[in-house]
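Next up is one chain by itself, shown in structure tokens, the form predicted alone.
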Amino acid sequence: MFEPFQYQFFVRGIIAATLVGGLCGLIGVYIVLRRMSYIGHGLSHAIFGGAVVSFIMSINFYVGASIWGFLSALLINLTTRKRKIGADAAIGIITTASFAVGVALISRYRGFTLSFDAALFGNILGVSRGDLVAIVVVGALVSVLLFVGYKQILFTTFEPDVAQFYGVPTGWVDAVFALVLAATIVVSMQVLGVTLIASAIVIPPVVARLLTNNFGKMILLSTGIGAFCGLAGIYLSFFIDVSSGATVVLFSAALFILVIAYSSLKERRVILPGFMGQNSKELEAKTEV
């Protein structure tokens, strides 16, 4: 049972996956409530382009990819302000173009193609102490920013037009949120990979939403569920010999299926007694008549 913890790479990997899962669950609540679930998938592909450019220009991966992702997210927000362009269309155009830049550069400079397999599919074996430090720093900064700007972000999430009317700087709020999201995706790439980050951002808050209608509880539940799925997914991947990122996502999906089944049964139990009670009253009324 404790055999995997004998290996240093596994300990680093499971710590990284737990932290990344919790971080994605936390930021995912705002993504889901904004009805922009696709942005996690799209922005991760956009950041891939930034990662390739950073490599070519010999810029630090975290710095270059974060700046690229931040600018991509800002461009998406600015584009969606145009009433004629929907958010899904803006995300699709900007992120696929950015991803294509990365693919084009990789096809041109073939010497580092293999080093970016981890960025696409995740590589838990490659998590270093530097990656752990980056995850901890980003997690702490994101938590502080969301705590300090809790009311402004919440107001902007649910009623952006009304928030602007009441003096909330929605432009700055969107900019900070874009930076937070970009940083979260950058530190998650090593663990989950570009192709699987969206699931880690979307599934935990959706599961939490099925369990509660309270926003505060939803944040706590989503963060906890994300962390648990990261930990359990990496632990299982050691024994079943399957990609760590894929195992985390599949475990999260299995949890979602269980919760939605539980919610359906719970709703039936609530509706059925009321329905039976209504029929009983109707029967009694007819009998009296």
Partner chain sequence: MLHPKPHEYEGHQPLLQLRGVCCGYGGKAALQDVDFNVARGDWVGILGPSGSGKSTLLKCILGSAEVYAGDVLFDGESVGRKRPRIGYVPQLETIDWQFPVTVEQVVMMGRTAENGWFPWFKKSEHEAAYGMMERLGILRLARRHIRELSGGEQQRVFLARALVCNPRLLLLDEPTSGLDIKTRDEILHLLDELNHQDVTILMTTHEINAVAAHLPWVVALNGRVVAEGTPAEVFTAPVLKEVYGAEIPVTTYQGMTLVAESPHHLGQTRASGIIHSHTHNDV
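Residue numbers count along the first chain shown, from 1. Note that the coordinates shown come from a computational prediction; the quantities given were computed from them, not determined experimentally.
Beyond what is shown, the protein has a form predicted together with the partner chain; the following relates to that form.
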My question is simply whether Phe99 lines the interface with the partner chain in the predicted bound form - judged by any non-hydrogen atom within 4.5 Å. no
Val148 within 4.5 Å of the partner chain in the predicted bound form, heavy atoms: yes
Partner contact for Leu33 in the predicted bound form: the partner chain, 4.5 angstroms, heavy atom: yes
So in the predicted bound form, does any heavy atom of Ser143 sit within 4.5 Å of the partner chain? no
When the partner chain is placed as it is in the predicted bound form, which of 67 to 75, 162 to 170, 192 to 200, 133 to 141 ends up with heavy atoms within 4.5 Å of it? 162 to 170
Partner-contacting position among Ile94, Val206, Leu179, Met218 - heavy atom within 4.5 Å of the partner chain in the predicted bound form: Met218
Taking a heavy atom within 4.5 Å as contact, would all three of Thr223, Phe256 and Ser263 count as contacting the partner chain in the predicted bound form? no
